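Only one chain comes next, encoded as structure tokens, the form predicted alone.
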Amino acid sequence: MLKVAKFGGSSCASAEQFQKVKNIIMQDRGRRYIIVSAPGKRNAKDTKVTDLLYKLYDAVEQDGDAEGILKKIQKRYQDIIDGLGLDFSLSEDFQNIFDNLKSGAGKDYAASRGEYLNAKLMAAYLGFQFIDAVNCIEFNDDRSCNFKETEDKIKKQLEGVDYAVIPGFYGADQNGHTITFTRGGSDVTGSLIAAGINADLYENWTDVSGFLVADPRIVKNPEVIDYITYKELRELSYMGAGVLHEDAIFPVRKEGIPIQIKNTNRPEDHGTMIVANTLKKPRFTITGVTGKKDFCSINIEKAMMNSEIGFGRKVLSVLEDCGISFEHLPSGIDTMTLVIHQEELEKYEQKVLQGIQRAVNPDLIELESDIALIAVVGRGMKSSRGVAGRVFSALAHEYINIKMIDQGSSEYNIIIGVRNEDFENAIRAIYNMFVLSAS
């Protein structure tokens, strides 16, 4: 079974974690292509190497204490080297990095060096070949990934290579300039490599034993999701579930490759298997519940709105002219509600209100702030009666008022709006209704 295994920052934070990674890889030689992040935090007070590299870049640009910061970064890697007892040096690489930054290599280049150095170190430790991501991942001029060229490059670079370590998080444009994905982008690198070599499985190793039904910072000891579909994961990731970068789904989904989320510290745990489809019945009616705070709504009322051709287009064109996207658009016969990130609207509040007034001449426009959106997601919801009613009952029991509700036509998710101050209680209430009461 051909596997691509990606190890996150917490899995690569110290010599002890490196040893765990090696044990995992050597237990299954199907794990042939390894993607690594930069070293993460070793404890709550520690600093991620990527954050130190951003500080290094700023110090070089502003004539700060760049050498002092560079020494801190060097020590992080040297501690790992010494802890593993390796006869290996990154001194020349650090000198090149410092010289390149002083020559204007750029912020993306600086941020990418954490993965670059860690991959070189991991390759030396495992005895695998190191392959630089700039030779595998190609970006377009707009910083989007060029999937066709990337696929071709991956096949070319890995042809005849039995075992390799590849740094995550970055690639290069056509001119050879280093470009990074957004934070957590090593997940995307692993997905692209898996798709490029037609892997049987993409393993994503982190510090939790899979996706959880709810945020453990809100719900105590939430259940792990055993199996989840790409569609469910997309809904949960978009609304805040952060175990996997949401863009990591697309390359492997196209090739039908499953993703398995595993815990480096508990490798015996099953974790979460992410698949296109499955006959396995979910343990609970819902797969997960998550959400985000700080939205606002624009409530528009106008008699006979539903018979006015182009009404919705005119309203949305006002947002488009201001460069604002909307999250949800619940509507009635004579009402329409735009749910928007509060921070986005605040910049253009009066321009938007004036634009809507001129565009459709509504009877009433109302604004409401400090709204939290909660997504209740699950393939089991489609075949279960009364899901919405149970959600309402759970929230009513906690005296939580629902500001809005929007259900997708696929019946995979229900979006609920509540006050920011009710967000955590609402998550707990829904979890208790669908998970604790079913356990």
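None of the values given here were measured: they were computed from a predicted structure. Start at 1 and count along the sequence shown; that's the residue number.
The protein also exists as the form predicted together with aspartic acid (ASP); that form is not presented, and the subsequent description refers to it.
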Fill in: aspartic acid (ASP) in the predicted complex: contacting segment from 387 to 395, 60 to 68, 371 to 379, 35 to 43, heavy atom within 4.5 Å
35 to 43
Worksheet item: So which of 184, 267, 312, 106 reaches within 4.5 angstroms of aspartic acid (ASP) in the predicted complex, heavy atom to heavy atom?
Response: 184
Practice prompt. Name the residue from 205, 295, 169, 211 that puts a heavy atom within 4.5 Å of aspartic acid (ASP) in the predicted complex.
Written response: 169
Discussion item. Since only the chain is shown here, I'm wondering whether residue 50 would be in contact with aspartic acid (ASP) in the predicted complex (any heavy atom pair within 4.5 Å).
Written reply: yes
